[in-house]
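One chain comes next, on its own, written as structure tokens: the form predicted alone.
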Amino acid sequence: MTARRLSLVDLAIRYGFLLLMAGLIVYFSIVAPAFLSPQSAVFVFQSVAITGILALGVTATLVVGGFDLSIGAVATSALMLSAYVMVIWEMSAGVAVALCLLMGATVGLLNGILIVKLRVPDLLATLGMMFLLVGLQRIPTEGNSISTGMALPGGGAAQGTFSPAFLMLGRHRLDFFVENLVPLSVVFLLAIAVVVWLFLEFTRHGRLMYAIGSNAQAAGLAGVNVNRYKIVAYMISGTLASFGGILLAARLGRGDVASGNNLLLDSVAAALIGYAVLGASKPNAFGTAVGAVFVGILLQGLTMLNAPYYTQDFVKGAVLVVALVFTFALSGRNGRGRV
């Protein structure tokens, strides 16, 4: 009887979240038949592409036992910076992309230095960086969004425009199906997810990062440069967050200061939900990608049911709590919890 009970718990830990996800798909397809259409599937993937990329960056920091709260602000800063470079400075798309990625990596480096060199707790360091960036991105335009023809604070109007090559990053679609075109941003998400998964699961550096997250002191005694790996993890997070901001700017075609408000919560939810996928009980790229898709399915289904927008965060929070129960409460009872 005990063995059977343990077996049921194992099954719940390993497949419970996937069953929950399948149940949601079935429910939404019954109450809203259009939910299973190819167009709906494409929209789900498009809606989570940017969130998923940011979540993969968060995963890198979770692997080394950290956490990055600045990703949403980094993404929005990249959005504003790219718009500023092309619309106000009238520079090329290549320069805008390069500056945004450099900005993201620099923010990650600063986060890492604050955490590992100055010993500021990761939550406080990245929270402070988030507030700093939220204020900094508004100063050059006095809190206004950036678009062609906008009035500049010093007088005159912005004459630059978004490069067509830049806009293609967020708007171009690939003809993978006869009737439905796959957004290029989805391809970016899949490619980045595969690269991060291969890096974390199959390379020596990825295994060392997991070792640091499990026991940083033991990893240090074994000769691992713990501080360097932690800094690199935050640089990965900042770079991916800035790339997500680039895609968002390319999709919108303007520098909207309020467009990234939900990026942090959705990305963190996707990364934490990843703990529950296949009973991993640890941060992992595959689980994070599945978590991002799950968030997209949930939001698409609620939207098609005409659910009020203010209920979506509540539902996402409830689902996140369920996922964490699968991860920590059940696995802890079964002796497999990971601290």
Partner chain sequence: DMPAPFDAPAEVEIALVRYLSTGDFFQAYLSGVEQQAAALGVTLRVFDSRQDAALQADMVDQAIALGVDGIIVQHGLTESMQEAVQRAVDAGIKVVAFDVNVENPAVPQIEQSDRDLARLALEQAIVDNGEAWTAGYVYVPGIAPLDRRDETWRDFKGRYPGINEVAMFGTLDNPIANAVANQARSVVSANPTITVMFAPYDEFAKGVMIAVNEAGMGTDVSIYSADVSTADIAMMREPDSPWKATAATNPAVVGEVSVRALAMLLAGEEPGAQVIVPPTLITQAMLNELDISNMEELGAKLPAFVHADVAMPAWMPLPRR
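Think of the rigid core as the biggest set of C-alphas that the two forms share within 1.5 Å after superposition. Positions refer to the first chain, counted from 1. Please read these numbers as outputs of a predicted model, since none were measured by experiment.
Keep in mind the form predicted together with its partner chain is missing from the figure; the text below concerns it.
Identify, from the list 98, 151, 174, 191, the residue with a heavy atom within 4.5 Å of its partner chain in the predicted complex. After the contact test, the surviving option is 151.
Since exactly one of 240, 107, 233, 248 fits, which has a heavy atom within 4.5 Å of its partner chain in the predicted complex? Looking at the other structure, the residue within range turns out to be 248.
Proximity of residue 27 to its partner chain in the predicted complex, heavy atoms at 4.5 Å: No, no contact at 4.5 Å.
Using heavy atoms and a 4.5 Å limit, would one call residue 144 a contact residue for its partner chain in the predicted complex? Taking the distances in the predicted complex, the answer for residue 144 is yes, it comes within 4.5 Å of its partner chain.
Should residue 286 be counted as a contact of its partner chain in the predicted complex, where contact means heavy atoms within 4.5 Å? Result no; residue 286 lies far from its partner chain in the predicted complex.
Can you tell me if residue 50 lies within 4.5 angstroms of its partner chain in the predicted complex, counting non-hydrogen atoms only? Because a heavy atom of residue 50 falls inside 4.5 Å of its partner chain in the predicted complex, the answer is yes.
Partner contacts for 300 to 323, taking its partner chain in the predicted complex and a 4.5 Å heavy atom cut-off: Counting only heavy atoms within 4.5 Å of its partner chain in the predicted complex, the contacting residues of 300 to 323 are 300, 303, 304, 306, 309, 312.
Honestly, after the rigid core fit, is residue 28 moving at least 2 Å at Cα between the shown form and the other one? Yes, because once the rigid core is superposed, the C-alpha of residue 28 moves 2 Å or more between the shown form and the other one.
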